[in-house]
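Only one chain is shown below, in structure tokens, and it's the form predicted alone.
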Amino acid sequence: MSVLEISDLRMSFGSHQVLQGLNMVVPENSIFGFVGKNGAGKTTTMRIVVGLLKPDSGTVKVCGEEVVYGDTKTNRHIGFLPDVPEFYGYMRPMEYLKLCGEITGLPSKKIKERSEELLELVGLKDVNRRIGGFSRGMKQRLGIAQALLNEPKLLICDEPTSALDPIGRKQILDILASIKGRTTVVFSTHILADVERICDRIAVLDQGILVLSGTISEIQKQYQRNSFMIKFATADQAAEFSASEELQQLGVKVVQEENVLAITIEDHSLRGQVLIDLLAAKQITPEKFEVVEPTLESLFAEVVQ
């Protein structure tokens, strides 16, 4: 089942086309990485999904219901963490969640139970000071608790780790990973390492156009290159193998760094076995031989202009 469906979404600001026919489907209970450079159209898309912007054309459905600008009934299914969440600084965490629960119409008992559960989840259970004194990371964690208060089917996080230090980023990513299976997460970001760490599906947006989508494993398989890393006993041995006539005849690209060769076979009909056979013929036993999987960073550089 799809929690979020976006069809032919178009949006312009003046003469600038921000979204150019975006189509995207987010399956239930996935952690979905929505990736793109700053200005690619990620935040615009997220704001359309929650009914804060009216698109020029196209449709957005949340849990099968169409999103209507100005009539955001679909938001009962959504929890939203903006890139810079705002709070009443004079309140304490429990007070703030109580207020949010009352606004959404939750029963008092439910508000208390959910608030305690969520504050423990985000590591703020024993924090009783005013929110105005919180660090950026603490505010992001409280924002996640608030967004999950109403048990949404879809949690949208817009650049939740972009301004955090490494410890703060890890805390946010750990929280998002821990709720997998309980809700669907759309995680908008330009930080590729974060996506590789917790997402099972990704969509890459470039200048308002979806240029890559699928599970990470599917995409890696699709863009698989005949790339290998061979570690030799010495740098001289690596250089000798690199310069060998038999290797050059295979049509390869070779990069040497000390005693390690990074080899890409340009002929896609050939496989790594030819390198193994050549090593055996030369009676060379490498210290390491491995297939190099494409990284998300390399794929991003390949598909984004």
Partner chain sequence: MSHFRVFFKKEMVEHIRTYKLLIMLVVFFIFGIMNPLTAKLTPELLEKFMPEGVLISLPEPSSIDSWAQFYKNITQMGLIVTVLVFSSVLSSELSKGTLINLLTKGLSRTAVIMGKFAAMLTIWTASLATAFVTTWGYTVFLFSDDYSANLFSSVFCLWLFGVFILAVLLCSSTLAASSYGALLLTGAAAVCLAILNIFPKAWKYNPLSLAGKNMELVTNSIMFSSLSYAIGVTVAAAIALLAAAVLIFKRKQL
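None of the values given here were measured: they were computed from a predicted structure. Positions refer to the first chain, counted from 1.
Below, we turn to the form predicted together with the partner chain, even though it does not appear here.
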**OP:** Considering only heavy atoms, tell me if residue 261 and the partner chain come within 4.5 Å of each other in the predicted complex.
**Re:** no
Original post:
Using heavy atoms and a 4.5 Å limit, would one call residue 167 a contact residue for the partner chain in the predicted complex?
Top reply: no
Subject >> Touches the partner chain in the predicted complex: residue 98 (any heavy atom, 4.5 Å) >> reply: yes
Subject >> Non-hydrogen atom contact residue 130 with the partner chain in the predicted complex at 4.5 angstroms >> reply: yes
Original post:
in the predicted complex, which of the stretches 114-122, 81-89, 203-211, 186-194 has residues with heavy atoms within 4.5 Å of the partner chain?
Top reply: 81-89
**OP:** Please state whether every one of the three residues 75, 104 and 146 places a non-hydrogen atom within 4.5 angstroms of the partner chain in the predicted complex.
**Re:** yes
Original post:
Just one of 238, 247, 50, 40 has a heavy atom within 4.5 angstroms of the partner chain in the predicted complex, so which one?
Top reply: 50
